[in-house]
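In the form predicted alone, a lone chain appears below as structure tokens.
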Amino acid sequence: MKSLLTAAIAVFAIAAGLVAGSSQAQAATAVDAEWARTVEAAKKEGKVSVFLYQRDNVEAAVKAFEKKYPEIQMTVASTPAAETGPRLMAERRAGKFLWDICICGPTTPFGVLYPAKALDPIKPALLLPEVVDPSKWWDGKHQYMDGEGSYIFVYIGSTDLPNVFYHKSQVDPREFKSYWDMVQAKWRGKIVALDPRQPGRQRVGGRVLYNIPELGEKFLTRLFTEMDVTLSRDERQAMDWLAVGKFALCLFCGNIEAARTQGLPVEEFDVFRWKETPALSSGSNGSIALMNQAPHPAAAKVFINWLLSRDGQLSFQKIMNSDNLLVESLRIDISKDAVPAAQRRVAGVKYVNMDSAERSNQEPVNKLFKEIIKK
């Protein structure tokens, strides 16, 4: 009797396994069929329109899509950061729905398009199993900027602290181990900063400093009320002032490689070695949103899945990284050889995620700067 029971259980287990395997195979077949239909529809549409926050190599990075899908022609456009949201909303108010995808930093999708209900949820557009699988992504989950966890997908998570440059004859870099070293009395009147109230790197940098637990309001208040910081809205002007020695330090500056090439006496601190908790940031091109009433809905889905695929992220990461820009994909199943070894994410390290819904909110930072910057 016992042997019969055992045999029956074994037969049942085999049958259950066959049923489960059959169900999984059917599901995989259904996904494959849906993907094939989507790609075919995208090829018939023949176009996909992507609005970018134009910086560095991002246009080349997204246009790599055309090598994979040459039948789908890309239209790419951009504006200066401050004009992105107003332009997109003005077009929509005029009944012009021109764009399928927005890859335009954190501020426009989160602060303009999402509250205006100009986006479709991107989660249902994720079709490829390797994209849908959360185990392929950092922290074992997909990262979304919006509180609903469905609209603004974050695919870049680079270790990030705002740049600080220095004049080599005026500063001994060994004296600096923290941002707090900038508020010593000896540096009063010797700091220039790109105005953090303006769109771009400086506004993102201000938000990072605001959300770093060891810095926050206290540090920013001391810096901008006690240190007689000179503000510039022109990156080239700020760099020129630093290079001629008018200032010793520059906060939020960029394009250090161009300065080195010109032989200017300026250098960049390794702020990632400083004491503060490092942040993870998507930067200016590390999140993607799906516009509603998209003119090419099938092509938009194909583009999204390509960009978030293993091959798409490997290509994007490789093209985007440069001496002036650090970009690390949130996918964990791709090589990170393109990312400087010292600045790659480290498993087990606690980072401040700048792209949560709470920290993506620029309003508290704007309010603080209005109070402490009177220029």
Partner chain sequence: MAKTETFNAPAVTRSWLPPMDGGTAIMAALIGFMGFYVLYPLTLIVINSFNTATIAEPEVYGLDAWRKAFAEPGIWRSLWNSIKIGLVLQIVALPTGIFISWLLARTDIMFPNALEFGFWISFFLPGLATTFGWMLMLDPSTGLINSWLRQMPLLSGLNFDIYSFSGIVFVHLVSNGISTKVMLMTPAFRRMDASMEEASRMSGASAFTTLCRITVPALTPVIIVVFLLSVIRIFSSLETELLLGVPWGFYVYSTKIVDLARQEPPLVNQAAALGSIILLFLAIFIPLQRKLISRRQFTTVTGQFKPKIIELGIWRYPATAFVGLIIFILDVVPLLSVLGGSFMTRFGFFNLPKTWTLEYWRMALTDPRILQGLHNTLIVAVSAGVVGALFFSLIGYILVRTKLPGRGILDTICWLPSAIPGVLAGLGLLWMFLGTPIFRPFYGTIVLLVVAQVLGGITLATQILKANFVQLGKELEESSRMSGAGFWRTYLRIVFPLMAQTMVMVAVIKFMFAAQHNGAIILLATSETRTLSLLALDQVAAGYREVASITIIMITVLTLGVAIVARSFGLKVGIRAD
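Predicted model only: the values in this text are computed from it and were never measured. Residue numbers count along the first chain shown, from 1.
Heads up, the form predicted together with its partner chain isn't pictured, but that's what we're talking about next.
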Work out which of the listed stretches, 274-282, 123-131, 138-146, 189-197, brings a heavy atom within 4.5 angstroms of its partner chain in the predicted complex.
-> 189-197
Checking 177, 168, 87, 222 against its partner chain in the predicted complex, the residue with a non-hydrogen atom inside 4.5 angstroms turns out to be 87
Answer option from 32, 59, 311, 45, heavy atom within 4.5 Å of its partner chain in the predicted complex = 59
Answer yes if any heavy atom of residue 363 is within 4.5 Å of a heavy atom of its partner chain in the predicted complex; otherwise answer no.
-> yes
Would you please decide whether residue 237 lies within 4.5 angstroms of its partner chain in the predicted complex, comparing each non-hydrogen atom pair?
-> yes
4.5 Å heavy atom contact, residue 207 to its partner chain in the predicted complex | yes
Interface membership of residue 213, its partner chain in the predicted complex, 4.5 Å heavy atom rule = no
Contact check, 231-266 vs its partner chain in the predicted complex, heavy atom within 4.5 Å, ordered by sequence, gives 231, 233, 234, 236, 237, 239, 240, 241, 243, 244, 246, 255, 259, 262, 263, 264
